[in-house]
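The data below hold one chain only, encoded as structure tokens and taken in the form predicted on its own.
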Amino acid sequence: MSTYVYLNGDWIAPEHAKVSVFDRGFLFADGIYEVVPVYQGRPFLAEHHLARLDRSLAALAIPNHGDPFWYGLIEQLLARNAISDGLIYFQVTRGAETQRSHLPLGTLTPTVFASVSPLAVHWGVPTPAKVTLCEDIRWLRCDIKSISLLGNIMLKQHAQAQGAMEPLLFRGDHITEGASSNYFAVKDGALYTAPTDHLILPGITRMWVIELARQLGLPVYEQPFRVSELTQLDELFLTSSSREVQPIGQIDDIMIGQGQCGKITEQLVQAFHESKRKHCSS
């Protein structure tokens, strides 16, 4: 938990951070967020996270403070909270008015919030997890990292009730992503993952794993795999900034790779760890 958080130019204790009840983030979820992992005091793939933040802000026509501002916030968050390994959280809403109106009544000053939480960095191969298949009930602009996450929360609650780590979402017969992750299927030595369109959030860890896979000479196809193909997969794993590369051994009652971490997934786990080591030592 942060000792200090940033809110609209002030550094304050979390319990003292307050926003107006007329803030459009509070009333309408009119805002975006971004999460940046930090290893050994250094933000990992930060330029890609900040580019995604810029794309999300632009989609909502909310002004961006610019990369130097965000890098400065990262530096101060780590220093003020004495955290070396952590997850930086940024949130920007359109701002506050003095009454509730669906459309802004004038030019608003965005509300900017930032915090950091400790991250337990691991270096081993995670135990394969269970996921549960769910229809993707979310809106049709999943490429925007919106703070409107009610659909994601409902899906995560359902997954938890099924004893699963994460939902595996589908639209029609196509797998899209998770509630806070991207999925990769492995079949006959090749990787398959949903394309970066409006139906998924383009994960930064997803992007990096594709790059690592290609460095290893593994074929990668950015095309959706099907619900009807799940029983035929050799391996399945998910990616996210907090979980990195997480093997999946079970989808409801379907066992993947006899519930064990597959060889290609393990290769990518190790490649990801090696990229962290290089990042920390460079």
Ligand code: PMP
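So that there is no doubt, residue numbering starts at 1 and follows the sequence shown. Treat the numbers as computed from the prediction; the structure is a model and nothing was measured.
What follows is about the form predicted together with the named molecule, which we do not show.
Checklist entry - Is it open or blocked here: the named molecule placed from its pose in the model of the complex by C-alpha superposition, 2.4 Å cut-off to backbone or C-beta atoms, 3 or more ligand atoms needed to block? => result Result: open.
Item to check | Non-hydrogen atom within 4.5 Å of the named molecule in the model of the complex for each of V186, Q246 and G262 | outcome: No, because V186, Q246 and G262 lack any heavy atom that approaches the named molecule to within 4.5 Å in the model of the complex.
Checklist entry - Of T111, T132, N152, S115, which residue is found within 4.5 angstroms of the named molecule in the model of the complex when only non-hydrogen atoms are counted? => result In short, N152.
Checklist entry - With the named molecule left out of view, which of G86, G203, P167, G95 would have a heavy atom within 4.5 Å of it in the model of the complex? => result Exactly one residue meets the criterion: G203.
Item to check | Per-stretch contact check against the named molecule in the model of the complex, the hit in 103-111, 72-80, 176-184, 116-124 (non-hydrogen atom, 4.5 angstroms) | outcome: Of the options, only 176-184 has residues within 4.5 Å of the partner.
Checklist entry - Is there a heavy atom of Y33 no more than 4.5 Å from a heavy atom of the named molecule in the model of the complex? => result Y33: yes, in contact with the named molecule in the model of the complex.
Item to check | S56: touches the named molecule in the model of the complex, heavy atom cutoff 4.5 angstroms | outcome: Although the named molecule is absent here, S56 would stay clear of it in the model of the complex, with no heavy atoms inside 4.5 Å.
Item to check | Non-hydrogen atom contact S240 with the named molecule in the model of the complex at 4.5 angstroms | outcome: Taking the distances in the model of the complex, the answer for S240 is yes, it comes within 4.5 Å of the named molecule.
Item to check | Contacts with the named molecule in the model of the complex - residues in 47-74 whose heavy atoms fall within 4.5 Å | outcome: Heavy-atom contacts to the named molecule in the model of the complex: H49, R52.
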